[in-house]
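The chain below stands alone, shown as structure tokens; this is the form predicted alone.
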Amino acid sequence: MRRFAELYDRLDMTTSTNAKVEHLVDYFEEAPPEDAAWAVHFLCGRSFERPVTTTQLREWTYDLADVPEWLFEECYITVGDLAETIALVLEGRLESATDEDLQLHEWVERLKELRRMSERRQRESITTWWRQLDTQGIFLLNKLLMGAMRVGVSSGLVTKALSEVSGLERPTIQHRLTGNWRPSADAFEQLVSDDTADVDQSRPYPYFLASPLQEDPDTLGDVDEWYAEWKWDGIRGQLIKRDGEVFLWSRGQELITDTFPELRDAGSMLPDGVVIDGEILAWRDGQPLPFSQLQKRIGRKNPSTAILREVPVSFLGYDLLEVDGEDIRDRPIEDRRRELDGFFADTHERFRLSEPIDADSWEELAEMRDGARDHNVEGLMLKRHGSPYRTGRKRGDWWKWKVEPYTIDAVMLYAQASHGRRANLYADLTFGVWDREGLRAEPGDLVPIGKAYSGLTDDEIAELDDWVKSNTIETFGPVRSVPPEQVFELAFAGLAPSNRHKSGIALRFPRIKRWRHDKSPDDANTLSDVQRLLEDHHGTVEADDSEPDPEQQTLFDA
């Protein structure tokens, strides 16, 4: 555990990519394989079921350190990291730390054991460990308890370090880490082994991710050098048929075979040794349905007959990665598409092919892109002729040319301190629009429409932070209410009706486009404006009151 704590410190103290890789290599070469496996798991941002809640950790800290709740919360606002706040509050208030230095995997086993304990025993165990550890040990233990190990290291840096340690190519490491990879000594040794055999028949391939096209498409050369197809608005997935079994994986590394049983059953008709990359879409009468409809299926591990009938789904394939058990990702896209066309010619009605779009010019494609929302799609995908299926976000061969986002002008209502490097700045903002007709509140009130925290420059954030601190009306824990004076233009990918939100509408992926110093609060949009926007592009859609399963929430996030 001390070795892992030292690694965490070194990674946290540098912004140099090369230095981080060097520290990771040193750790993986020295750590026992069972510890190295868990380090890979945590540093790659993989999920770890929390044995206790953050509310419990807060309450136990109040009592152990003998500090009032309000003082702890003020400290948290200043520090910006709950694990670090607890460690600093407890510093100097506990007896001297012991020299107990369990291995990382032994600590993980302790945390797993917590899940089987009563709350009283959980509290006794955790507070005892806090007493035994120094400040850095408490901090790292808290990180493990919360399942959050953000330390400025991406999975790409971890795989690069593992590649250097093992001598294997990075795509090989990335492939082995996909799917059902579970941290253990054997798993780590297989991860860095020269043995090419793979005993996991369910394992998907790492996804090839398109880069956003922000330049004029003319910069890509002749339009005839590119495939164009719709950018579907669904869940990216890989459909796998091996040894008579069907597996369906999301891009978020979730096995979702049981969530979509109709696709599992249809996949049984495929030949063995096939992996298809595509999109899961809500689909009816030959057309994709809005993503808000597909969201009703997310999180239902055992969907009912009623929901299967209400929201039917299809799998749209757009690439073939494996055929007859052979990895064909290095073949040109023309060859892969030709093989894929053959699979979809005489298969199940649940399978559809993402057809290429013919166009004679970039101008013609631009017109199609402008009408993308009429087809319930997000824009266009551009794929270079002759390109292989790569790993990760490699620029040059695949581009996503998305339609321009929706925009509205909204008034800032609340501000909350952000996290990470902006932990002391009020950059997490809540916005509202005017309810002139009293649709969801008193006539003339502002109703919250969404939250956003990205889009402003560092200088703008500093200016806004000063304004928030000087103009706070009330505080609600870490949240401050402010006068409705500042107007911002929000951009968002989509919107859907939702009774879980006071406005009755949920914005999808909102971000701040610009600070409208040129507009007064009265110039902001109204709730009626947003409702018309919803109706124009989605028609009348029933609001979704269901709560996603937390274990499946990553599907929606992805």
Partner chain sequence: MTSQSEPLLRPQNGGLYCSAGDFFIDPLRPVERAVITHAHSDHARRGHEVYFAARPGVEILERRVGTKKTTPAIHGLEWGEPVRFDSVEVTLHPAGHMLGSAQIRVESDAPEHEVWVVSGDYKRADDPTCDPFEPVPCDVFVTEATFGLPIYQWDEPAQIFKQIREWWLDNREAGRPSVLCAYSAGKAQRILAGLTEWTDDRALIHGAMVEYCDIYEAAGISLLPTEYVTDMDPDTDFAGELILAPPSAFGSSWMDRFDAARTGFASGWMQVRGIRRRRGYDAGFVLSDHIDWPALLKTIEQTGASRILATHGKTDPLIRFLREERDLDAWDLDDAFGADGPYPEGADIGWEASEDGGGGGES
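Numbering follows the first chain given and starts at 1. Only a predicted model underlies this, so the values are computations on that prediction, with no experimental measurement involved. We call the rigid core the largest set of C-alpha positions that still match within 1.5 Å between the two forms.
Absent from the display: the form predicted together with the partner chain. The rest refers to it.
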Of A372, L220, M146, V79, which one comes within 4.5 Å of the partner chain in the predicted bound form, counting heavy atoms only? V79
Give me the residue from V323, I408, V89, M381 that has a heavy atom within 4.5 Å of the partner chain in the predicted bound form. V89
State yes only if every one of Y8, M13 and V67 has a non-hydrogen atom within 4.5 Å of the partner chain in the predicted bound form; otherwise state no. yes
Quick one: find which of 67-75, 262-270, 314-322, 372-380 has residues within 4.5 Å of the partner chain in the predicted bound form by heavy atom distance. 67-75
Considering non-hydrogen atoms and a 4.5 Å limit, does the partner chain approach F431 in the predicted bound form? no
4.5 Å heavy atom contact, D335 to the partner chain in the predicted bound form: no
E229: heavy atom within 4.5 Å of the partner chain in the predicted bound form? no
How about E84: is it within 4.5 Å of the partner chain in the predicted bound form, going by heavy atoms? yes
Going by the partner chain in the predicted bound form, which residues of 132-154 come within 4.5 Å of it through any heavy atom? F139
Once the core is aligned, does E489 move its Cα by at least 2 Å between the shown form and the other one? no
After a rigid core superposition, would you say the CA of W515 moves by 2 angstroms or more between the shown form and the other one, or not? no
Does superposing the core leave P288 with a CA shift of 2 Å or more between the shown form and the other one? no
